[in-house]
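Coming up is one lone chain in structure tokens, specifically the form predicted on its own.
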Amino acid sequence: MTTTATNELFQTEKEELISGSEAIALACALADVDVITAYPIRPYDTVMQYVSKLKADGSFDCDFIVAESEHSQFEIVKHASSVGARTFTGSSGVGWFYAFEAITVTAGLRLPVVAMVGNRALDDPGAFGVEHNDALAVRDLGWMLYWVATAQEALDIALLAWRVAEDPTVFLPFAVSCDGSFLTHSQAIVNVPTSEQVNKFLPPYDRGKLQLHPDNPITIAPQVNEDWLMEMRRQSDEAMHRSVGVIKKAYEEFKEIFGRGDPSPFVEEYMTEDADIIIVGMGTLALPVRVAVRRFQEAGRKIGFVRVKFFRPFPTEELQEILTKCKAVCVVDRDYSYGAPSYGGVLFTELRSALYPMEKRPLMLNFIAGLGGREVHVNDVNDMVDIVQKAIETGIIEQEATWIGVRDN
């Protein structure tokens, strides 16, 4: 149940000029999160700063714990979740990695912790600008993983995250990835819903027979070795399978209650109808790409854009349906995967795997761009499309993976 202070803050729908980080902090208050842990690292720390302000103002009542490290942050919310508390935490870059033992165990124990990743470059050499490799590190661990593009989406998806993660048929952690600076610090107009709307959408967290309590003695984190480990891994796999249906149902209810949302919770299509070339990317890359696509369309060129929203579970079937209709796919990675097939990025490798079984497969080219927070300009998108167009015309892919915007040595 929401507190009196929270009800007073969210009695009526309103518009706020806030950053993506502030939007997620408001989502924490709307969701009446019980336990929030914090440890400062840019660009994630703007969330905990705004949460602490809400708490200091008396607008939000929660157990707000400033830990002594990122590892402790995730250990605290892991244990809090096991006893039935709704939780939130987050980190960025190497801070996210410092917590990796706890992050791994959280997924293995099927604890629905919701975390924000303020995407930034990994050290060394370090930068505060966005890269996606930090969040992508959990892609094989059992975490659901989503990339947001706007501050509005940050608030909305945080609410969806608790709804899906805490579903008893899922019980998996959920990472909300927000591009550093471009989203975490940039302000935009956000529609903030009422607590009544959120209460209608988001039921209380209930672990049932799985809740750790003196009256319910159960084993947490058993060492099973070879005896039962495969069975437990399979159970987590089945939970990820089930999450697809839970996401679809929750998303439809979200649209009905809040009155907004794309046709699909998994991907966003932009001018893809009859497109010869479809650009694919994640996060705030959508802004310059949409501008470029509009200009291409105005010039009579059939170029479209698909934004991948959920990376886990990966929207394989939807992407197969969309991308097999075009001649070529231009995959833009804000990450790297040294030594991967074709020396391509993570999204490219994943997407090519998804399209492999299809009888009609488009040409696929990969572009590594915008690392360390470097801007991806419309001219960069134009250059990528020109390279892809040449491959269509000649039938030859001279280089599968190309780094864009790199200075000459």
Partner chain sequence: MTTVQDLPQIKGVKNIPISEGYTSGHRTCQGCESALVMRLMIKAAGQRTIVVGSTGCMYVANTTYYSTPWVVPWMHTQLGSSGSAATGTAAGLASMMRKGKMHKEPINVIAFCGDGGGADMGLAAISAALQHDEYNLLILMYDNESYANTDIQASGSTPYGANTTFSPPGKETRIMNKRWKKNTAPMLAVGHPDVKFVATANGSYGLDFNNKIRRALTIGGPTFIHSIDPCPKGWDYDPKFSHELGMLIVETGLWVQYEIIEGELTLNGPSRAIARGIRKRKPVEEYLMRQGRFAHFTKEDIKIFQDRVDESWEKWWLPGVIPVTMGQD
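Residue numbers count along the first chain shown, from 1. Remember, predicted model here, so these are calculated numbers, not experimental data.
One more form of this protein should be noted, the form predicted in complex with its partner chain, which is absent from this view; the next part is about it.
Novice: Within a 4.5 Å heavy atom cut-off, is Asp383 in contact with its partner chain in the predicted complex?
Specialist: Contact with its partner chain, no.
Novice: Considering only heavy atoms, tell me if Val105 and its partner chain come within 4.5 Å of each other in the predicted complex.
Specialist: Although its partner chain is absent here, Val105 would touch it in the predicted complex, with heavy atoms inside 4.5 Å.
Novice: If you check in the predicted complex, is Ala80 within 4.5 Å of its partner chain, heavy atoms only?
Specialist: Contact with its partner chain, yes.
Novice: Find out whether any non-hydrogen atom of Glu238 is located within 4.5 angstroms of its partner chain in the predicted complex, and reply yes or no.
Specialist: No, Glu238 stays farther than 4.5 Å from its partner chain in the predicted complex.
Novice: Select, from the options 172-180, 206-214, 114-122, 127-135, the stretch whose residues sit within 4.5 angstroms of its partner chain in the predicted complex by heavy atom distance.
Specialist: Selected range: 206-214.
Novice: Which residue, Met230, Leu287, Ile189, Ile218, is the contact with its partner chain in the predicted complex, using a 4.5 Å heavy atom cutoff?
Specialist: Of the listed residues, the single hit is Ile218.
Novice: Just one of Leu371, Val376, Cys62, Leu351 has a heavy atom within 4.5 angstroms of its partner chain in the predicted complex, so which one?
Specialist: The residue from Leu371, Val376, Cys62, Leu351 that makes the contact is Cys62.
Novice: With the partner absent here, would Gly84, Leu109 and Val224 each sit within 4.5 Å of its partner chain in the predicted complex, counting heavy atoms only?
Specialist: Affirmative, all three are within 4.5 Å.
Novice: Along 124-151, which positions have a non-hydrogen atom within 4.5 Å of its partner chain in the predicted complex?
Specialist: Residues within 4.5 Å: none in this stretch.
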